[in-house]
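Quick setup: one chain, the form predicted alone, written in structure tokens, and binding and motion questions come after.
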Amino acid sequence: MSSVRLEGIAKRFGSTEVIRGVDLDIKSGEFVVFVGASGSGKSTLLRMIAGLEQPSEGQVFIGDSDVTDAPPSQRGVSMVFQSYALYPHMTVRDNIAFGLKLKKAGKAAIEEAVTRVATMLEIEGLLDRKPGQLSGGQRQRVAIARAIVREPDVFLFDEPLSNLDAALRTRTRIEIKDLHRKLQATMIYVTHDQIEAMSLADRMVILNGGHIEQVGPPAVLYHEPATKYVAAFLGSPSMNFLPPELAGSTEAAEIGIRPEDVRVAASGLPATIEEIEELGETRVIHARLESGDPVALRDRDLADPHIGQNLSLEFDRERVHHFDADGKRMPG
């Protein structure tokens, strides 16, 4: 296990700057997730840690070593790709063992390591198959096994679950979290999926336009977003953003309130239902206030709500977020 430190990292492709002045400390054994919209720079940042891209400025440290100019093979990292990157002509056994063979490890040591890792990931019955004979989930486990068997200092995951269906993605996500608990390894994971990020991360790094918007535990980022961007990015449906006078604010440029903190009341702000989403465990009602502003709320208490129905809504004033004209969160 090793820590990872980024100092003043910038990356330009021609005149286009895709990473801007990133400073970040990742502790040894920590599970950190880079998350952001497409084009936010999360995969580029991961590739610079891996050595697959060179920074235009700044330094990359793994442990105490400056690896900014080191090739990928000398960084002590293993990377799991979205595409799995397995050799189709090799068996699962040979795919997992490939890195150890390159290191000239002994035959007995390789066999022991492959068996141990395959058992850990419950793919020991697949060792003599080839990738074309496996499901997507099985291939992803083989790719992870190949990374584990090298015993790297740092694991890097680049959107590893995006090719899996929803049910398998959920199951594999739980397995990766369990794997982290067993290995106590440093893991850096890239995803655009906020649920994946929040369920896996010790800390999340939210990227926007090549810079870091906020770093912290998922619950902190959700409940205490530093910026309007973070507030809007996390949560489905997104936070409602409304004129400040609707919450009696005189200093904020805008207020935010999450759908779960809006409720139907006997009296309050008049609204009309425009859409209803039945989601099984919850129901999301999309309404429009008399002021013309849209607002979403979660509600399971209304009996047979319908489009066009008039409501009165109130906010949990303790959970209203205040943002200034620059989109920065204001105190209380």
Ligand SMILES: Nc1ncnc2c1ncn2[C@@H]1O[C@H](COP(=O)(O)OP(=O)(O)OP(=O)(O)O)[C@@H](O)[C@H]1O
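Sequential numbering from 1, following the sequence displayed. Please read all numbers here as calculations on a predicted model, not as lab measurements.
Although it is not shown, the form predicted together with the ligand is what the next lines describe.
Engineer: Is residue 153 close enough to the ligand in the model of the complex to count, meaning some heavy atom within 4.5 Å?
Structural biologist: Taking the distances in the model of the complex, the answer for residue 153 is no, it never comes within 4.5 Å of the ligand.
Engineer: Taking the shortest heavy atom distance, is residue 38 within 4.5 Å of the ligand in the model of the complex?
Structural biologist: Yes, contact at 4.5 Å.
Engineer: Heavy atoms within 4.5 Å of the ligand in the model of the complex: does residue 18 have any?
Structural biologist: Yes, contact at 4.5 Å.
Engineer: Residue-level contact is defined here as any heavy atom of the residue lying within 4.5 Å of the ligand in the model of the complex; does residue 177 satisfy this criterion?
Structural biologist: Looking in the model of the complex, residue contacts with the ligand do not include residue 177, since no heavy atom lies within 4.5 Å.
Engineer: Sort through 261, 196, 159, 213 and report the residue having a heavy atom within 4.5 Å of the ligand in the model of the complex.
Structural biologist: Comparing distances to the ligand in the model of the complex, the residue within 4.5 Å is 159.
Engineer: Ok, 129, 192, 223, 116: which has a heavy atom sitting within 4.5 Å of the ligand in the model of the complex?
Structural biologist: Selected option: 192.
Engineer: Just one of 63-71, 43-51, 265-273, 289-297 has heavy atoms within 4.5 Å of the ligand in the model of the complex; which?
Structural biologist: Among the listed stretches, the partner-contacting one is 43-51.
Engineer: Sequence order please: the residues of 102-129 with a heavy atom within 4.5 Å of the ligand in the model of the complex.
Structural biologist: Heavy-atom contacts to the ligand in the model of the complex: nothing from 102-129.
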